[in-house]
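This document opens with one chain alone, in structure tokens, the form predicted alone.
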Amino acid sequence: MTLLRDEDLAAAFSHAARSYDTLVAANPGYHSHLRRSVRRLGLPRYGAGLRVLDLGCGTGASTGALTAVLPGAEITAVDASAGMLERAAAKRWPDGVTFVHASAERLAGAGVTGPFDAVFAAYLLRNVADPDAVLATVRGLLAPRGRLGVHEYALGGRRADRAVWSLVSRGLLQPVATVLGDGPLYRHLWRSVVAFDTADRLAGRIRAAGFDRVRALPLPGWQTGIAHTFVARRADGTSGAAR
């Protein structure tokens, strides 16, 4: 199966936006795991005065996690899917939250400029055509020693990790999504995880993009070995070597 990319993927997400929140709500721990990943950034409590970029905000689940953990932060939430972004923006948000329609590769053209104290990207990197280019863009938007949080499905490398992911995707998510008319998107999402980096490789990719203090932290429950939080800091130099 060919992965969906760019405009095709954005359109598929827009079509699925009407039922997306219902499907993710069936995933035990989905929202609490996002909040856990935000806390792992290690930002000052309450986030007063911080500028945070929520890259690939979807229908606003990651935005909600950021506002819950960092209620005083100024948050710019960005997504390439007009339908997903419309759903997100229609929800009730505190002051300081702004939504922008843009792809991760074309942020400057949409007026998204740094510096940001942190960038949070949930379920994004495996869905872009060039994750290295996106990481380079993110690094350029961060303030010196700014924080990066990547909340992502990246398999741990055991056969059981792939087996569990395939069982959940093919046995539960894909049949339901097919009934709703969104089968192609959820087949893409299954394949995007299988074809993407393992957790170790993604940590190395982030390090090579100019970040240090890179850590890959597992998420609990059935997603252990499947989903991770990757936390890192913009390195002062260009090599991204750990300190």
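Because the structure is predicted, anything quoted here is derived from the model rather than measured. In this text, residue numbers run from 1 along the sequence as written.
Just so it is clear, the following notes concern the form predicted in complex with a small molecule, a form of the same protein that is not shown.
- Residue contact check for V69: none of its heavy atoms lie within 4.5 Å of the small molecule in the predicted complex.
- Among residues of the shown chain, S37 is not one whose heavy atoms approach the small molecule to within 4.5 Å in the predicted complex.
- Residue contact check for C57: one or more of its heavy atoms lie within 4.5 Å of the small molecule in the predicted complex.
- The closest heavy atom approach of Y123 to the small molecule in the predicted complex falls within 4.5 Å.
- With the partner omitted here, the stretch from 29-37, 174-182, 205-213, 42-50 that lies within 4.5 Å of the small molecule by heavy atoms in the predicted complex is 29-37.
- Checked against the small molecule in the predicted complex, the candidates V97, A88, L135, A80 yield a single residue with a heavy atom inside 4.5 Å, and that residue is A80.
- Residue-level contacts in the predicted complex: of L155, V128, A73, L142, one residue has a heavy atom within 4.5 Å of the small molecule, and it is V128.
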